[in-house]
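In the form predicted on its own, a lone chain appears below as structure tokens.
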Amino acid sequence: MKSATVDLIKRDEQKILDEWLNVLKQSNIYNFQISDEPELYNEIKNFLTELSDVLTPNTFDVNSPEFIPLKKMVVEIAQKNTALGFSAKESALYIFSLKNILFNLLLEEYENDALVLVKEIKILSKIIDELGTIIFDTFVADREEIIKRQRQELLEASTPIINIWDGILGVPIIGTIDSVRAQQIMDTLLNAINDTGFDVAIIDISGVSTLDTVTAQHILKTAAAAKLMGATCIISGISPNIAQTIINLDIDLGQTITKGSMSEAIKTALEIIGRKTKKNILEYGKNTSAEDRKSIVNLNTD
């Protein structure tokens, strides 16, 4: 790039800024308010200053180290615009709107030298296009991160852990289950068992839209994992249709306790909790005095 072009951009900086600000204001993508003008003006001024500082007769490759601060600035602008809800096209307009302004400036400067004009426009076009590409790449990356985070939040929200009773956890499952969600369900349940020390976990599948072999295996693995943690797992919500599906698919439920409804599962869970409580009381009573043991036995009989 000719040094005269760099000098031209620096010399006419104010003119460029005024035109650029006006284009952005008229684009309506910023939902522009008067109070926003100073902030936007400072932003584009810093960008243009950084651009003119990095441009030299020997430096016009965006991949060169000299362009790192400018590229970082572009990424920050793109991230800010994405957070504000701008589309990729709207964010890219921020950079591309500068192109025509600079081209018109070059047309005036080199109107009598077509070869130089074409060369300088080509160089500037390449730089701005590559900076615009960074806008698109940043937008896509940020959107993917937002989608990933929202998906994780939805997974967590779709698998709540309910404290049904002292010692009993409930995990209502709604919708379909894939490998990712199955792992999330298992992690959530096992962490809850570990944190609470509860003895029974009820996995309710009455809200599961479809039950196939893969889905059933995911549920059974979760029940088996809970058992390894010392908790008894009950699967509730076994409707007649799901029961027939399990038989037709020849799915082995093993020793897993199943119930047709959540209420039946809770009743069974309370019985399990009661048996464990009585057992603990009796074991404790063996190490007590005769008088205390008599009271414990009377309590157990009641």
Partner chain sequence: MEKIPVLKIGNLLLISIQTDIYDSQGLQLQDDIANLLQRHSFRGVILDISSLSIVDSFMGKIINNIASISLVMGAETVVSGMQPAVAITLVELGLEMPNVKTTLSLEKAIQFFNEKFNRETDQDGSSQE
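Take the two forms, find the largest set of C-alpha atoms that superpose within 1.5 Å, and that set is the rigid core. Numbering follows the first chain given and starts at 1. Please read all numbers here as calculations on a predicted model, not as lab measurements.
What comes next is about the form predicted together with the partner chain, which is not displayed.
Next item on the list: Name the residue from Leu107, Ala224, Ile146, Ala114 that puts a heavy atom within 4.5 Å of the partner chain in the predicted complex.
Entry: Only one listed residue qualifies here, and that residue is Ala224.
Next item on the list: Would you kindly say which of Ile77, Ile173, Ile95, Ala231 lies with a heavy atom within 4.5 Å of the partner chain in the predicted complex?
Entry: Looking at Ile77, Ile173, Ile95, Ala231 one by one, just Ala231 meets the 4.5 Å heavy-atom criterion.
Next item on the list: Counting only non-hydrogen atoms, choose the one of 99-107, 179-187, 207-215, 124-132 that falls within 4.5 Å of the partner chain in the predicted complex.
Entry: The contacting stretch is 179-187.
Note to self: I'd like to know whether Ile202 contacts the partner chain in the predicted complex, with contact meaning heavy atoms within 4.5 angstroms.
What the structure shows: Looking in the predicted complex, residue contacts with the partner chain do not include Ile202, since no heavy atom lies within 4.5 Å.
Checklist line | Contact of Phe139 with the partner chain in the predicted complex (heavy atom, 4.5 Å) | finding: Output for Phe139 is no: heavy atoms all beyond 4.5 Å of the partner chain.
Next item on the list: Please run the contact check for Pro160 against the partner chain in the predicted complex: heavy atoms, 4.5 angstroms, yes or no?
Entry: No, no contact at 4.5 Å.
Notebook entry, point to check: Would Gln150 count as a contact of the partner chain in the predicted complex, using a 4.5 angstroms cut-off between non-hydrogen atoms?
Noted result: Gln150: no contact with the partner chain in the predicted complex.
Check: Going by the partner chain in the predicted complex, which residues of 180-206 come within 4.5 Å of it through any heavy atom?
Finding: In sequence order, Met186, Asp187, Leu190, Asn191, Ile193, Asn194, Gly197, Phe198, Asp199 come within 4.5 Å of the partner.
Notebook entry, point to check: After fitting the rigid core, is the C-alpha of Asn194 off by 2 Å or more between the shown form and the other one?
Noted result: The answer is yes; the displacement is at least 2 Å.
Next item on the list: Classify Leu105 as shifted (yes) or not shifted (no) between the shown form and the other one, where shifted means its C-alpha moves by 2 Å or more with the rigid core superposed.
Entry: Stays below the 2 Å threshold, so no.
Item checked: Rigid core superposed: Ile95 CA moves 2 Å or more between the shown form and the other one -> Shift of 2 Å or more: no.
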